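What follows is one chain in structure tokens, specifically the form predicted alone.
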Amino acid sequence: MKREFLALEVTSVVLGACREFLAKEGFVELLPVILAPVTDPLRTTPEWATISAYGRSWYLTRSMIFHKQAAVRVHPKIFCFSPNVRLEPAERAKTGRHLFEFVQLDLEVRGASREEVMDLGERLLLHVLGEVRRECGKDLRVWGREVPEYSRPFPRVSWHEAREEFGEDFEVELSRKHKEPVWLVDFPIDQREFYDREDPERPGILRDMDLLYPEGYGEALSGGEREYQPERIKARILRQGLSLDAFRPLLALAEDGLHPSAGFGIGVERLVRFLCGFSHVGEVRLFPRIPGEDALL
């Protein structure tokens, strides 16, 4: 069996397992948004992909974070397999984790806390691992990969604890050290985006989280609770030195009324890379978009 065939088989099982699990949890699936008048600021990826149409500029979606906040006004539990375009610096091609076009399972839950979506994320991941083990375990073993089994809850480490122990590259070292997934929680307010909710009882600390794969595979999931009050959103935008005008569509939505919510995103290609034990996330796709590299199709 070719590695490309294996990647397609595992990806198909992953998508089906996610849909099955979330349907049983009461979620509905949204169709993805490709172009938008406003998208995720993502300060760590400064270049923006845009097109001109109908007399204005449109952003290629970096994530559906704002659409998710809008969608839970209509239904309390939503998810989407969202294509994202993030023009990563060319040097990130070497990390093994970055594509500049990828698909993310993005979900949001109205009225949920961080702890509730962390519990959901753990159960979702274990369900997916179980389905891949059942459907693809034999083929993966041919390539020397066993689908791991884990127990929940996964361990937690705060951002400050991880930084103190491992230094600047703490996410990489934390992922390498652990033999099971590990949560990274409680990021400082200036380390994340303005839509991540500040803990009302701990100023300067966010109600967010990342889940890291073990074995050095890095980030699995990222999310948290959302800012939903207009004045809080405005203050956070200004704190980050961003323009209020750039986010007028979101602010208008907030003035009309957003719900408290929490959610996360899981990179599908990164999940398949971890399951297959591939060295680079580009091996997951037949037509990978690797930062700085050309593509035939």
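Don't overthink the numbering: it's just position in the shown sequence, from 1. Given the structure is predicted, the values throughout are model-derived calculations rather than measurements.
A second form of this protein, the form predicted together with a small molecule, is not displayed here; the remarks below concern that form.
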query	finding
Contact segment among 141-149, 119-127, 155-163, 102-110, judged by heavy atoms lying within 4.5 Å of the small molecule in the model of the complex	102-110
Partner contact for Gly223 in the model of the complex: the small molecule, 4.5 angstroms, heavy atom	yes
Tyr195 within 4.5 Å of the small molecule in the model of the complex, heavy atoms	yes
Contact label in the model of the complex: His98 to the small molecule, heavy atom within 4.5 Å	no
Distance check, Thr45 to the small molecule in the model of the complex, heavy atom within 4.5 Å	no
Three-residue site Asp40, Arg86 and Gly265 fully in contact with the small molecule in the model of the complex at 4.5 Å by heavy atom	yes
